[in-house]
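One chain comes next, on its own, written out as structure tokens in the form predicted alone.
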């Protein structure tokens, strides 16, 4: 089974005959090419065109992060599931305001519903979250009244602001308080964890989009402009609460991360190499964990759920079935 490989150390990644080899401070590691779906590279890694050609042939993506853990770009091999029809339909749904807003609203509805699901999960365990649940339910009720992308984005922002206020109640460790959501740079440990987790989710979704006929450059909630990819940002809104936020709640309430896993640099707070390794291990465990799927009547992983979400979107675009976002039911 193919899997994601993370490279945190410095070195060289190259082709060795018909397989892959990484040479770093810890020596030489051979990586069977048939076992790799993608690389996430955090260290200073050199490579050559011969490697890129090989990775393209093998349909392997390379995602790059800078020194501070920010996503900076992807080597996206030539699409192997070409479909002119789907690209035309994506563009048609983007250019038609009614069709675009219909999809954008679904992404926000899914995001707010899954935030509510997370809050109700912790409320059932004795945390007083009633005022926040009431506020999110009120915002959810207003989504159908709004008719522009800007209004939907504003409501999504309000929902997320109220939702983030609950983090200080859910997370038991007082060293990880969230007084304000800040991204560039993240000025607290919890802000850095949220940003890092969201980046991992964006690239995981980008990799899943590569396995469909969809074009990642055409989103609906996030405007298609000079940014390279936007569709993964749209779909990520649905999965952030149940994958990223649940991952960091688990890490912090189990005391798997502490102050020794962070560094302060350039007016920001960032995970160090050991901290990132702990986070990605828990993140991968979450993606691999399974839930019983109501429609399929079998267990499926969260990673596969993300791909199913994209297949549902394809069906919507070609008029086969109206898109409904994934709603967690645990």
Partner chain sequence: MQDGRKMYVIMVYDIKVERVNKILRIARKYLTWIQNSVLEGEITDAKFERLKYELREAIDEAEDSVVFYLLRTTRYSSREIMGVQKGGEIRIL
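Residue numbers count along the first chain shown, from 1. Quick caveat: nothing in here was measured; it's all calculated off a predicted structure.
Not on display, but discussed next: the form predicted together with its partner chain.
Please determine whether each residue of 17, 280 and 298 possesses a non-hydrogen atom within 4.5 angstroms of its partner chain in the predicted bound form. Every listed residue reaches its partner chain in the predicted bound form, so yes.
Just one of 57, 29, 289, 48 has a heavy atom within 4.5 angstroms of its partner chain in the predicted bound form, so which one? Here the answer is residue option 29.
By the heavy atom within 4.5 Å rule, which residue out of 68, 64, 304, 262 makes contact with its partner chain in the predicted bound form? Exactly one listed residue reaches within 4.5 Å, namely 304.
Taking its partner chain as it sits in the predicted bound form, is residue 53 in contact with it (heavy atom to heavy atom, 4.5 Å or less)? Judged by the heavy-atom cut-off of 4.5 Å, residue 53 is well away from its partner chain in the predicted bound form.
Contact between residue 44 and its partner chain in the predicted bound form at 4.5 Å, heavy atoms? Flag for residue 44 set to no.
Applying a 4.5 Å heavy atom distance criterion, does residue 322 contact its partner chain in the predicted bound form? Although its partner chain is absent here, residue 322 would stay clear of it in the predicted bound form, with no heavy atoms inside 4.5 Å.
Looking in the predicted bound form, any heavy atom of residue 326 within 4.5 Å of its partner chain? No, residue 326 sits far enough from its partner chain in the predicted bound form that none of its heavy atoms falls within 4.5 Å.
Listed by sequence position, which residues of 1 to 35 have a non-hydrogen atom within 4.5 angstroms of its partner chain in the predicted bound form? Heavy-atom contacts within 4.5 Å come from 1, 2, 3, 4, 5, 6, 7, 8, 9, 17, 18, 19, 22, 29, 30, 31, 32, 33, 34.
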